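Single chain ahead, by itself, as structure tokens, in the form predicted alone.
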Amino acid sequence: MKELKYLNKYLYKYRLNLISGFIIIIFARILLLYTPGLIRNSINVIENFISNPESSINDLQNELVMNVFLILAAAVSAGIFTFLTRQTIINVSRYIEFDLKNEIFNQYQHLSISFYKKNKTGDLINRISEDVSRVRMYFGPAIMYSLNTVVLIIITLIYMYRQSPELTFFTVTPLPILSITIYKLSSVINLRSKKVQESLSKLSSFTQEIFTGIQLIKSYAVESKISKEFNRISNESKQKQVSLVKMQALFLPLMILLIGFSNLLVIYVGGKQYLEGEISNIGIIAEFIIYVNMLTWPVASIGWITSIVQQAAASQKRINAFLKQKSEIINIENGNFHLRGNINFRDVDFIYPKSKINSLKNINFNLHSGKSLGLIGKTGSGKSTLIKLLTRTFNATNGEIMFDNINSKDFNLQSLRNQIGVIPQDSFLFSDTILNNIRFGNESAKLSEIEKVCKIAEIHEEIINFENDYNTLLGERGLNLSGGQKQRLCIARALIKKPKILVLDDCLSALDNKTEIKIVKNLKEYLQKTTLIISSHKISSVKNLNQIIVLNEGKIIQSGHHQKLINENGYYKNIFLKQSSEK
């Protein structure tokens, strides 16, 4: 239970609802337990009438009608109170589920990118869905049935003991056996349920991957091979499902068996006591049979509740481990500064924490507001890492990154990132309209503004040729667009943000030279007061920028403008000559 202590704050938050539910449970159980006494009384009235034929038939009818009315009234009242119980306690579990999911989601938002590199997406989704659902069962059914069981057992035993202590002992004897058996059975069911969930997760992941890569599968003509693998995974899932169902099939018959055994004990022991005169009337036996059936599920639920608590504790342990993680990027709440766009890297080093790769070494450069910078270098030279440091996706291992002579660590993250527009290498688009995908950068943007940035990104003409132009619905990750179209939409999305610093991280790779040159020219004209950084493998993307830095193995090996760099022997000139000859 120590893992579940974390959730006590929610119990305290909704304490009034829980206390109300507990009080309602007491009233509901008292009303429900009023019924067996009325049934006993009715049987006794009939027994007395049979043994005394001279009694008035009208008195018998009147008393039986009154008892029937009271039984119905007690049952209806108990039902209403039971409904109110669920409206209080079960609703609390939903409120807590909502609060906990929001807490987990907020934690997702605050953690740094390195966390996502270390954890699988499926596991993160599982924590906010499956794990939270199991924790909700602890707050809802587990608490409600626990309170219900405790109250019912106490009140019922008091009622039973007052009628016959000996018969009470024989009546409750099988119930602990029932509870233990249900607990053992529930444990096995839970274990097999976990295996079923794992197999379903594996099947879902496999299916999702296949649908995502269906174009590749068809182009390689490996449909039959994929089908065989799918059948194998499906059969594994089916076998685990069947194994679970077989165990679940024992649950109800086992309960019925033990209920029947308890009833037989009541009839045998009660009948014997009645014949020996230890019980004054036969109605007590009927009353005890009703008590047995009332107690059976609450007692059996003890094992089920224990199993729920175990699952909730295991799930909360996973959630706690995640919630306790701290982001490597510490946010400054009051660091809201207005950027002019000056950037200064001072002796910056960066080593990736997990791989220990020294990605950047002693990086120094100045970039003034409104100027442009090109980053050139082969794959793995450190270009993308430098951009990640710029947006504080990571913190520099050594050195300082300054914006307008203010250390980037002194900025509020949201304030800093709101003023920087980044177009990443991987063009990610949402399954939404083109209009909403571009408005992601600025929700209040007008259509005229969106059309303007799309013209700068050289995508407007293609959009208006779509059937629904800007209201065209995109497939998952922009599946119905070409690579170049996705890149240009991402450029438009960054431009609509009106950033003080715009960064293009090798996002022109899918474009032809003509379109690429047009876009770079458009950007320079449109962003005269905006600091522009372009990372690329192609000289054509950066040659017209104010300053160019050449990176190799994390170090700056050359820097200057285009004309200066092609006039000196080195990496830049070699790449320029090679790409010029290829063109």
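Each residue number is its position in the shown sequence, starting from 1. This is a predicted model, so every value here is computed, not measured.
What comes next is about the form predicted in complex with a small molecule, which does not appear here.
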Open item on the list: Check for me: heavy atom within 4.5 Å of the small molecule in the predicted bound form, for each of 117, 357 and 380, yes or no.
Closed with: yes
Task: in the predicted bound form, residue 415 touching the small molecule (heavy atom, 4.5 Å) - done: no
Task: residue 537 within 4.5 Å of the small molecule in the predicted bound form, heavy atoms - done: yes
Task: Interface membership of residue 105, the small molecule in the predicted bound form, 4.5 Å heavy atom rule - done: no
TODO: Report whether the minimum heavy atom distance between residue 409 and the small molecule in the predicted bound form is within 4.5 Å.
DONE: no
Task: Candidate from 425, 471, 77, 208 lying within 4.5 Å of the small molecule in the predicted bound form - any heavy atom - done: 425
TODO: Check each of 352, 466, 98, 83 and return the one that places a heavy atom within 4.5 angstroms of the small molecule in the predicted bound form.
DONE: 352
Open item on the list: Given a 4.5 Å cut-off on heavy atoms, tell me which of 263-271, 384-392, 146-154, 172-180 is the interface stretch with the small molecule in the predicted bound form.
Closed with: 384-392
